[in-house]
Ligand SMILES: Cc1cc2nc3c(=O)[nH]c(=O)nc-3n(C[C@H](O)[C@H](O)[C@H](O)COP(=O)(O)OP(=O)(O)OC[C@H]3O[C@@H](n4cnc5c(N)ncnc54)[C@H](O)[C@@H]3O)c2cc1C
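One chain follows as C-alpha cells, the form predicted on its own.
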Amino acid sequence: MPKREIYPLSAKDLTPETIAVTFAKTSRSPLSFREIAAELTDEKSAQFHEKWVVGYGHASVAEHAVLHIAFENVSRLAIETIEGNRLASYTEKSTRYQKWDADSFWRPTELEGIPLGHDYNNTCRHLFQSYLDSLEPLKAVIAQRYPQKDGETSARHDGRIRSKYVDAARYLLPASALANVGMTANARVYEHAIRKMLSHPLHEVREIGAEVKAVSTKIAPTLVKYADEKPYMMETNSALEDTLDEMFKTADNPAWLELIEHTQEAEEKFLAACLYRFGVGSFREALAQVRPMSRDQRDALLNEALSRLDRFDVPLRELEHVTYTFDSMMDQGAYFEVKRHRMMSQTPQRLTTELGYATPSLITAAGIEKEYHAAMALADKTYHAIANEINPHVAGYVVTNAHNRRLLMTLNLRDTFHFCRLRSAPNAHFGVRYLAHRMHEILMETHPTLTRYMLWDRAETWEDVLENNFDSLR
C-alpha cells in the first residue's frame, strides 16, 4: 500500500497559477503533486489555464489560485462593494478601536470642479470635526462610569474604555471615511469581484476595480485577464433603478425587524433531513415517518440531534433546510457588522438620509446633542443637494453611521444560531445587539422547540439595549 503523505505546496516556490494547475492535473495524471509541479513552468501553467479555464470554462480550477490583496485609503462606501463577495475573507480597520483624522475622507471625482464639491468637502470636514470634538466629552462620561483602577496607567485605562466612548462617537463618521481592508480569495472570486467593481456606478469603485485587476494580473495573469466591465450588470441595475424610482418612492416606518417568511413544518423537515442523512429512503419517506410522531418522540429525536451542542460547536448542517426572511432597518454602523455574515443572502438598499438616524444616549449624557443633531442636519442637506444634482450613489458618501438603512435578510436556522449568539454578546456593539436579541425572540416565538437549543443565557433583552443605549432610533 502506498505511503500516505500530506504536505503543502509552497506559495514561496510556486506561483498561484502553477499551484492551481498542479491540483487540476491530478484528476488525469498518476503522478504525485510534487512531480506534477516539477514539470510545470509559468508559461505551461498559463497555456493550461488559457485552454481549460478560459477556453472550456472549467472555472473551478481557478479556485486553487489564492490571492491576498491589501486595500488602503478606500472609502467605507467602496468597501461595501469590495466585501460584497461571499467566498472571501476580509479584515478591515475598525471604527470601534481606532480614531480617524480630520482629513481622512474620500473626495469623489464626480464632484471635482463644481460648487457642490465645495459643499461636500465642508460637510465631511464638519462631520469629522464633530467626531473629534465629541471624543473627550464622551470619554469623560465613560471614565466616570469605569474609573481608573489603582496602579493603572492613563494609557491602559484609555485602552480599556476606548471602544465604549468611540462606539458613540463613530455615529458621526460618514461613508466617505477612509479605511484599510485586507482581502483573501481565490482567482475565481477575484474575477467576479473585478467585474462588479468595473461595472459600478461610482468612479472610485471602478478605479479600484482597475487597480485590483492590474495587481491580480501580476500574480495570476491568465485567470483574471478577461475580467472586464459587464454591460448586463450596468444596464440591468440602471434600468431597474430608473423604473423603481418612479414606482417606489414612499418610505414608511415599519417595525425595525419583521419576519416576512419562514419554513413551514420546520421541525418536521429538520428531523426528516436527519433521518434522510442516516437512512436509505427518500426525503418524502422520511417526512412521512416524522409527521405522525408524538411530541415525546420528536423531543427525543431533537435531543439526539442537538442536545450535545456546546457553545463552540457547529450545529448540524441539516438546520440549513429551515430558512427565514427578515425585513430589517438598522443604523449604518450596525449594517457594517451585519454585512460580515456573508452566508446569509442580503439585499441592502442604497445609503440615504430619508429614513432618519439613531441617537445614542451617551451623546445626550455628554451634553453634545445639539452639535450632534446639527451635524446630522448638515449631512441631510448635502445629501439631498448631491442626490438631486448628481445622483444618490455619490450622495451616499455623506451619509453617516447614524443614518438608518433597510436590509432584506434570508438566512437558515444554522446561521441564526451563530448570528444571534455572536451579535448579542456583551462585547458586541449595541447598534447590532438589540437586533440579535429581537431576532432570537422572534425565532423562539416561531419555532420554540428548535431554537431552545441555541444555548441562550443572555439576561439582557432587546428592550434593555434600546433603553440603555439610545435616545431615539429615528
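All values reported here derive from a predicted model rather than from experimental measurement. Sequential numbering from 1, following the sequence displayed.
Omitted here: the form predicted in complex with the named molecule. The next part is about that form.
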* To do: Tell me, yes or no, whether Tyr90 is in contact with the named molecule in the model of the complex, where a contact means a heavy atom of each within 4.5 Å.
  => yes
* the named molecule contact at His418 in the model of the complex, heavy atom, 4.5 Å -> yes
* Report whether the minimum heavy atom distance between Asn427 and the named molecule in the model of the complex is within 4.5 Å. => yes
* **Proximity of Met444 to the named molecule in the model of the complex, heavy atoms at 4.5 Å** => no
* Structure fact -> Given 403-411, 61-69, 436-444, 418-426, the stretch touching the named molecule in the model of the complex at heavy atoms within 4.5 Å is 418-426
* Which of His262, Lys99, Arg342, His157 has a heavy atom within 4.5 Å of the named molecule in the model of the complex? -> Arg342
* Structure fact -> From Ser94, Thr109, Ser361, Thr217: within 4.5 Å of the named molecule in the model of the complex by heavy atoms is Ser94
